[in-house]
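Shown below, as C-alpha cells, is a lone chain in the form predicted alone; questions about how it binds or moves come after it.
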Amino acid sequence: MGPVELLHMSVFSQSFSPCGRFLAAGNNYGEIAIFSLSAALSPDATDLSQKPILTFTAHEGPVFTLLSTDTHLLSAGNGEISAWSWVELTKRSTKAVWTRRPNYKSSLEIPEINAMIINPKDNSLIVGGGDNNIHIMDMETGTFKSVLQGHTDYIHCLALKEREGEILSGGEDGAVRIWDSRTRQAVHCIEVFKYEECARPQFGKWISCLATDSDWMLCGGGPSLSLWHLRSMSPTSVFPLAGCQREAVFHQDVIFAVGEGPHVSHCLLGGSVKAQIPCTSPSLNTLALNLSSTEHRVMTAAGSSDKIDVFTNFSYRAFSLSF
C-alpha cells in the first residue's frame, strides 16, 4: 500500500480474539489486520511488534463492523458477512469459513452492513445496515430467519438488553427502536432529537452510537451523547461533548466515548466530563475494551488514520499499532 492510501486510511472496526491475545481491525479498503497484543505488550517489544502479523483483503468495500464469537471472527462489508476461524488466522491462513448475504429485496441492492451483535439466548446474529431493516440469522444453520422492519432510514448501531431479550437499534432517522426478540415486534420508539436537552439540529438527528447496561442506555450522534433510564424512557444526563460521538461504552462507573476530535472522553454518569485523553487520529470511529484477559487488559481506539492507539492504563496512550 502506497503513501497516499495510508494517508487516506480510516479504521472503522475492531474486535479482540476470544483469548484476548489478538486484535483484529478493519479499514476503508476492505482489509483486516491481525495484531499480536502479547507481542506488542511484551517487555521485549520492538517497532515490528506494533505491525500486523497478518493483513488480508476481506471485502470489496470497507469493513464496517467486526465481531468475535468463541471460535470465529465475523466481518461485514457491503451486503455480506464472512466468518474466519481465529485458530486459522493466528496461523496466517485467510480462507473464509463461510460468507452469507441477508435476504435483500432485490439482487441489485448491496446495502452496507454497519452493525452486528450476537444474542446468546438463541445463538442468533443480529445485523443492521443500509436497507433500514434488522436481519436475524440462526448461527447454527446459517439461515436468515426473520426481518425487523420499522426504521425509515439506514441503521447505524445495535445493542442488546440480554436479560429482557430486547434488541435496540439506532438509525439515520433519529430513532432508537426497542424490539422484543421473541415476538419480533417493536415495543418502544424514542426519537431522541425531539428532546430539547439532547437536540442539536446543526448536526442532524442521526443516532450513531448505542450501549446498554441493565436499565440504562447511552445514545448519541447528531443529538448530544445522553444517558437514559429505560424504565422511565427519559434522559437523566446529557454530556457536554463537542461534535458527534461514534462509539460509547460503559465501564464500571465511567463512560468512555469517541467521535469527532482526537481524544477519548471519560464521562461520569452524572453528566460531567472527567478527562479527555489525547489520541493520534484527528477523529475516531471505534473504541474497544479487552477485558477477557487480565494480562492483555487494554483499551484501543482508532479512526481517521492507519494507527490504532493502545491504552494499558485507561488514562494515557501507551503506544500505537499501525497497518
Partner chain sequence: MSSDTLKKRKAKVIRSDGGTPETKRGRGEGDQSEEVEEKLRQGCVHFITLKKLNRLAHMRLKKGRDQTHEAKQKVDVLHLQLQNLLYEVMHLQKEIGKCLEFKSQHEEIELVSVDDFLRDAPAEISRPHLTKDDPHQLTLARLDWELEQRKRLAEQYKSSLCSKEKILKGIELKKEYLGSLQPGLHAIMQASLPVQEYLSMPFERVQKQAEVARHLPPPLYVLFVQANAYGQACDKNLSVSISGDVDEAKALSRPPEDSQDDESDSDAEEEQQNTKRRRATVGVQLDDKRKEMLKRHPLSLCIDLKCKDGSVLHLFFYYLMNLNILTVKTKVSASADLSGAVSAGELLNSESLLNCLYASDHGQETPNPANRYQFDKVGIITFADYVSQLGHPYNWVQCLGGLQFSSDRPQAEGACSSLSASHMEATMKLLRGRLQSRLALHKQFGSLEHSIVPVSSECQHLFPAKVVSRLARWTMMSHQDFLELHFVQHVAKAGLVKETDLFFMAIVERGTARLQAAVVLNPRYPEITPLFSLSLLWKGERSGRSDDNLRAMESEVNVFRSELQGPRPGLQLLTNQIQRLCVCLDVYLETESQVCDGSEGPREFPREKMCLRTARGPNRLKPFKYNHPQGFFSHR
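No experiment lies behind these values; they were computed from the predicted model shown. Numbering follows the first chain given and starts at 1.
Keep in mind that the form predicted together with its partner chain is missing from the display, and what follows is about it.
- Every residue of the trio 111, 201 and 283 has some heavy atom no more than 4.5 Å from its partner chain in the predicted bound form.
- Stretch 56-64 is the answer when you ask which of 56-64, 43-51, 266-274, 30-38 has residues with heavy atoms within 4.5 Å of its partner chain in the predicted bound form.
- This chain is displayed alone, yet in the predicted bound form one of 86, 179, 206, 228 has a heavy atom within 4.5 Å of its partner chain; that residue is 206.
- At a distance threshold of 4.5 angstroms between non-hydrogen atoms, residue 165 is out of contact with its partner chain in the predicted bound form.
- At a distance threshold of 4.5 angstroms between non-hydrogen atoms, residue 17 is out of contact with its partner chain in the predicted bound form.
- Using a 4.5 angstroms threshold between heavy atoms, residue 237 stays clear of its partner chain in the predicted bound form.
- Although the partner is absent from this view, residue 216 stays clear of its partner chain in the predicted bound form, with no non-hydrogen atom inside 4.5 angstroms.
- Residues of 123-160 that come within 4.5 Å of its partner chain in the predicted bound form, judged by any heavy atom, are 130, 154, 156 in sequence order.
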